[in-house]
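One chain follows as structure tokens, the form predicted on its own.
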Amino acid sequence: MMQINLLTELVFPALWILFFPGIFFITFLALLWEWMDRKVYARLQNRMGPLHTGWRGILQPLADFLKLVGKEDLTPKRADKRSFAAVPVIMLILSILLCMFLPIVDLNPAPGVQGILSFEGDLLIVLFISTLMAILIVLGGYFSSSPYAQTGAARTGMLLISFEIPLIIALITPAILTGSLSISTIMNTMLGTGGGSGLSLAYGWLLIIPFIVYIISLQAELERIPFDVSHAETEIVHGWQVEYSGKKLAMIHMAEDILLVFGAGMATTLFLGGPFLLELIPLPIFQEFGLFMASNWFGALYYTLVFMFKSALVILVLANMRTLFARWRIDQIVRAGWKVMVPIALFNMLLIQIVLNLVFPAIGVV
């Protein structure tokens, strides 16, 4: 019995962290989402995108990563060498750590689907780490001691400061609705999958504006078109990343892909119902299906596929945004962040407080 308990307490968590739904699975998703993003982006522009490496070019992101790993790794003479080398490593570690909070499959004995590192207050940790990532990117440019990299870092700082606040407000909104700061608890409470009855459908419309704000802010936080002014090749020669090469650049690109996994995963978890789909339909047959999946080992496959499907929909939205818009100037980005996104996010938070405390009690909605 002691050996079985030791196996359960040590080996299984290690397998979760290393393989599924941990580092290996997160890396797989990062490469898959990069391929999908590049493929959709290309097709919307009447191009083919990745084509020859693997089936329909699906192995091209992996080939690009391995190619960069094999390239010569250079460090500028005037750079702060230790800090310069530490930035890509810390970025990769923090990006993987963020994905550990995503509730993809049911791994814990607690009711409802939990993330590997789920605990009360983990949403605050996630917000702190995401802000730390923004600071790290700015420092990465300044440690390079290159005028192009420092210009890109300055632009990155203005960009991330402008959209970090609406992003945080958008993520806090579901927490206000559920009264919890745990990502897994927020999702399970809203859906009624953690042993409770779930929130009324009347609450759903309150999440529409935060979802839109989050998607736009996520595009900016990932420095994707139209918010890619911080590494514009035509202006500042790839911005804050210009001096990184070889293994360092490979780790930066992998960290960016993993952050895409995290960003899409958070949208799926807090706004799109997480890894639940059919069991959300209010019919007895689907409720029985949900109970059946929750009590069987192959329910993990179902939850994972649903989570991937919803995340893929978010990737498609982000890829369409890349196609539809041209690059904004930095002054346009800052103005949009502070004069448009922040007021909308704050107004929606005020609206939610009014609805929760005045409107719903008056009409009897619980």
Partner chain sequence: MTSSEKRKVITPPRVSIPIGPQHPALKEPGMFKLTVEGERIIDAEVNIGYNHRGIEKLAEQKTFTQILYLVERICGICSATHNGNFAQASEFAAEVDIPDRAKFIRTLTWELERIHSHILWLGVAFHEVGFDTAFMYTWRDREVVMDMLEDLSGNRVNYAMNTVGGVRRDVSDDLKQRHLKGLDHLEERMEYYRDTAIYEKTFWDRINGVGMLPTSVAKSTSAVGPTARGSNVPVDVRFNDPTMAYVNLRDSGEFDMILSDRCDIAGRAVVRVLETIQSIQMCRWLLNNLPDGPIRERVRPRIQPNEVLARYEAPRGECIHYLITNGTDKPDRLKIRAPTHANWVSMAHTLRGGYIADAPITLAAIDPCFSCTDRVAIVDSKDESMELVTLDTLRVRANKWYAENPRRVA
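As the structure is a computational prediction, the values presented were derived from the model and not from experiment. Numbering follows the first chain given and starts at 1.
Form predicted in complex with its partner chain: not shown, discussed below.
None of 84, 203, 148, 211 but one reaches within 4.5 angstroms of its partner chain in the predicted bound form through a heavy atom, and that residue is 148. With the partner omitted here, the residue from 306, 68, 330, 32 that has a non-hydrogen atom within 4.5 angstroms of its partner chain in the predicted bound form is 330. The stretch from 235-243, 287-295, 85-93, 177-185 that comes within 4.5 Å of its partner chain in the predicted bound form, counting heavy atoms only, is 235-243. Contact between residue 28 and its partner chain in the predicted bound form is not found at the 4.5 Å heavy atom cutoff. Not displayed here, its partner chain is kept clear of residue 338 by more than 4.5 Å at the level of heavy atoms in the predicted bound form. Shown alone here, residue 52 lies farther than 4.5 Å from its partner chain in the predicted bound form, counting heavy atoms only. When contacts are judged by a 4.5 Å heavy atom cut-off, residue 324 counts as touching its partner chain in the predicted bound form. The partner is not shown here, but in the predicted bound form the stretch 217-232 reaches within 4.5 angstroms of its partner chain through a heavy atom at 225 alone.
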